[in-house]
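Coming up is one lone chain in structure tokens, specifically the form predicted on its own.
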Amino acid sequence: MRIVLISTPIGFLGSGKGGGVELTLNSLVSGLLSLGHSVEVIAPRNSKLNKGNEKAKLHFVEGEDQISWQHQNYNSPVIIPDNSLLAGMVEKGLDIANQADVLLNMSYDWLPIWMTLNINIPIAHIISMGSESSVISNLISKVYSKHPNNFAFHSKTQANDYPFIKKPIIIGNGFKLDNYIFQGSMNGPLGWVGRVAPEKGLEDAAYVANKLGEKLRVWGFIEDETYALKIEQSFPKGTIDWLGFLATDELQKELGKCRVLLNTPKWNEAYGNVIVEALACGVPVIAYKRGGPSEIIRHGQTGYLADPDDKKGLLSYVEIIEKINRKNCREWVENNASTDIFANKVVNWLNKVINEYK
């Protein structure tokens, strides 16, 4: 199969701005290549694919980034900037897709979904967020009525945000396990990974660290400087150890030393990539019971699920984290979230999409 992928129009691959989509795209490319498929990726200039994905052809597009829907109101209108990066990526993707089997869109935005109604090329969409935009949700509903197989979701909880989708296609996610080294030490620091932005709830993890009199190690791109400064000023100096955005190889070495990863989102995460990355290193995870993480974590086996926004609940679970066998964490990922498992699910789904157009 020849597959053309459209990347996120929010930052180049490797910048960290694209959040989980960057990791998902690289994991999928790795899995598709290992299964013998041909892959081409449309991405912003300066993008780099992970080591091992060199066989995938990378096409660069220049232009103005889109504004993330996470930082707009639910009823905001669609904004397409002058010299739109997204428009350029869609145009390039459609051109190449004429000689391909399917165009796979990984951008949560209006334009590529709208194009599904207006051309006769198979366009499949991995929806990376819950319902964050009225105009996009309404458009997905309209496209779904004509092309019910053209959308896939990372988790059932995420798909539930779109109640008009009666039989959602759930593909989970996958990770190249060779990139993650199991570490068995149970005496390390507290960890937190993610874009530093209000919807990620970093302040709740800082609360736990402060109560325990420990440092919280934080990895991730600081998207909102004001928010980061506010957290910094809300806790004793030194509570947070800001470690920045790291590529997977560097991140997993440091993350694996942690005794626990805290995951504190204030919204429904579609999946929870950093949770699986931690588990792959043998690190148990304590998260709020909302969104994708509630489907990934096995309560009492690979970590714990606290009631949403219950900071004291998080704290109480940290105090008993040594009860979790770290080998259980790694085994769950091996059995449920490898790149091959993920890629096979995606290929089975794409075949359904392609068959619609025959």
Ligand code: UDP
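Don't overthink the numbering: it's just position in the shown sequence, from 1. Fair warning: this is a prediction, and the values are worked out from it, not measured in the lab.
The next section is about a form of this same protein that is not shown, the form predicted together with ligand UDP.
Novice: Just one of W267, Y227, Y162, F182 has a heavy atom within 4.5 Å of ligand UDP in the predicted bound form. Which one?
Specialist: Flagged contact: W267.
Novice: I need to confirm a contact call. Of T157, N273, S133, S84, which residue comes within 4.5 Å of ligand UDP in the predicted bound form, counting heavy atoms only?
Specialist: Comparing distances to ligand UDP in the predicted bound form, the residue within 4.5 Å is N273.
Novice: Would W242 count as touching ligand UDP in the predicted bound form under a 4.5 Å heavy atom rule?
Specialist: Output for W242 is no: heavy atoms all beyond 4.5 Å of ligand UDP.
Novice: Does any part of G19 reach within 4.5 Å of ligand UDP in the predicted bound form? Heavy atoms only, please.
Specialist: G19: contacts ligand UDP in the predicted bound form.
Novice: Hey, in the predicted bound form, does A337 get a heavy atom within 4.5 angstroms of ligand UDP?
Specialist: Because no heavy atom of A337 falls inside 4.5 Å of ligand UDP in the predicted bound form, the answer is no.
Novice: Please check if R195 has a heavy atom lying within 4.5 Å of any heavy atom of ligand UDP in the predicted bound form.
Specialist: Result yes; R195 sits at the interface with ligand UDP in the predicted bound form.
Novice: Can you say which of 136 to 144, 76 to 84, 273 to 281, 207 to 215 gets within 4.5 Å of ligand UDP in the predicted bound form, counting heavy atoms only?
Specialist: Contact-bearing stretch, as computed: 273 to 281.
Novice: Assess the spot marked by L23, K200 and L251: is ligand UDP within 4.5 Å of a heavy atom from every one of these residues in the predicted bound form?
Specialist: Heavy-atom distance to ligand UDP in the predicted bound form: all three under 4.5 Å.
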